[in-house]
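So this first bit is one chain, no partners, the form predicted on its own, shown in structure tokens.
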Amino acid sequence: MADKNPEKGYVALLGWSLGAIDAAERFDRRYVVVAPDWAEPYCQEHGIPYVPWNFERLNDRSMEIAEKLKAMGVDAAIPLFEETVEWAGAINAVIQGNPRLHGQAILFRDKALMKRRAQLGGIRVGIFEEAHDRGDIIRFLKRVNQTLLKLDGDPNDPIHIKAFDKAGCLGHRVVRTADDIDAIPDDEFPVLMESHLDGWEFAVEAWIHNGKVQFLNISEYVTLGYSVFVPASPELEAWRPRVEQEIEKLIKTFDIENGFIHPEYFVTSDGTMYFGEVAYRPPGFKVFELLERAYGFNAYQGLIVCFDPKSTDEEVAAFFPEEVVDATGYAGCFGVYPRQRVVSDLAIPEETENHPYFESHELTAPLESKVTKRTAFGTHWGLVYFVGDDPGTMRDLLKRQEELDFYV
């Protein structure tokens, strides 16, 4: 455990993440973990500072956690998951005396409000609407395809259906036909509908302090929902000046002073850049761990530095490496999903295990033989990690994994 500096900020980590806790333990800031009751025995056993809180409970006692953290002297609350973003906004509004922070967090949580705010800031987005039932989706699908001058009998251009307030690919469906619409369960409504954008989709991770970007990573998706690597290939990195301009627009539009954002963008074949969405918490697919493997800095400690209002500009600048230049290689991962409906064993393919870029995996033997049918983009069964020095080889390797069976 690192010595804690009382002159620096005291942060609250909202949600349970062993990676974040380990990073905080080894850093010079005081911290406290805010997590559900089930975390208490582990925290007591390992001497982890802990405050119990049920994030799913919303009632007239919800202010208690903000008041408790303020009384403890906490300077900033850091959301680790999508479900704690709004809580962090509400808590920071209280402990930092800035009510606007709660409204800002709601914009980050509600994808429809988020896109409207982006439009108001002059950020280019696709066509989008809210749907409260299947009829709304049918009408939107027809209107989008009429706009594209489709004739009767032509296949529909797809639209995308997304949950308002879930992370990443959760609840994300691609809809082309009435059958696709019928397959959406009633309990998923209301949803956000978006037109399809053909182009190169990628993500950005930006650490911000005093309204300025301190480190900006571009994460290259090989296949959305399956694979990603960092830093991006030279072809995608060529877009960095445009990406930086778009991130500056986001900071201004959403009035971000300190923290971290994780937006997604599309670049179309004519060079137009579209905003997809933005999250105010760490990305999925262990991108923080990939960044540490590629650059050597701890991205969770970067969160703490940027959220801490007591961090100096000099300290923040000294913490982060230089983008791309300081990377020692490319780090990527592939999310495994069984390709068969019935499986009995975990079997890492020989060509994967013997590839010089293969580093490790976190797959476990199947607990049951029947594989649940994948709805929407589904949830992977675990990640396989690769590290190497050529982005083209990395991209091809990650794409190849989609054709291999890890569960047989």
Partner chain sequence: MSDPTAAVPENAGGTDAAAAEVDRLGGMVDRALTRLEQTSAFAKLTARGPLLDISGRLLARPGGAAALYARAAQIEASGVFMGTDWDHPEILQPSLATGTLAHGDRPTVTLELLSELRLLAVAQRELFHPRLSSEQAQHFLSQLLALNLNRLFGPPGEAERGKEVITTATRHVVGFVADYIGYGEILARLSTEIERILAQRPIMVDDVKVMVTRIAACLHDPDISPGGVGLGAARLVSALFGPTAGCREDPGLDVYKDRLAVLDDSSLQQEARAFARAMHDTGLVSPYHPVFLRHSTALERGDLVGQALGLSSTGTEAFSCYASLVYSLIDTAITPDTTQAVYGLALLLERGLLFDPAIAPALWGHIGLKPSATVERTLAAAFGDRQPAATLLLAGTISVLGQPLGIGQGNNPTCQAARALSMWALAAPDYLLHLLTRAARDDDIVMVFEGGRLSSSTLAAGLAPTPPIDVDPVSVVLVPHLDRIYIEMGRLCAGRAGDPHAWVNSAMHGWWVGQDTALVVDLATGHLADSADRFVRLFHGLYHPLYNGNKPVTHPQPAGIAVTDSLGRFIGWHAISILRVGLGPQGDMRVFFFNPNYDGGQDWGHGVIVSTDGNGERFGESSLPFEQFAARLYLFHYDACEEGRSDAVPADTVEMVLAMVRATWAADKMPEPEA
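Just so you know, these numbers come straight off a predicted model, no measurement behind them. Positions refer to the first chain, counted from 1.
The form predicted together with the partner chain exists for this protein as well; it is not shown, and the discussion that follows is about that form.
In the predicted bound form, the partner chain stays beyond 4.5 Å of every heavy atom belonging to residue 50. Though the partner is left out of this view, residue 63 does not reach within 4.5 Å of the partner chain in the predicted bound form, counting heavy atoms only. Although the partner is absent here, residue 293 sits close enough that one of its heavy atoms falls within 4.5 Å of the partner chain in the predicted bound form. The partner chain is not drawn, but in the predicted bound form it has no heavy atom within 4.5 Å of residue 389.
Think of it this way: in the predicted bound form, the partner chain has a heavy atom of just one of 68, 380, 355, 30 within 4.5 Å, and the residue is 355. Of the residues given (21, 394, 14, 11), 21 alone sits with a heavy atom within 4.5 Å of the partner chain in the predicted bound form.
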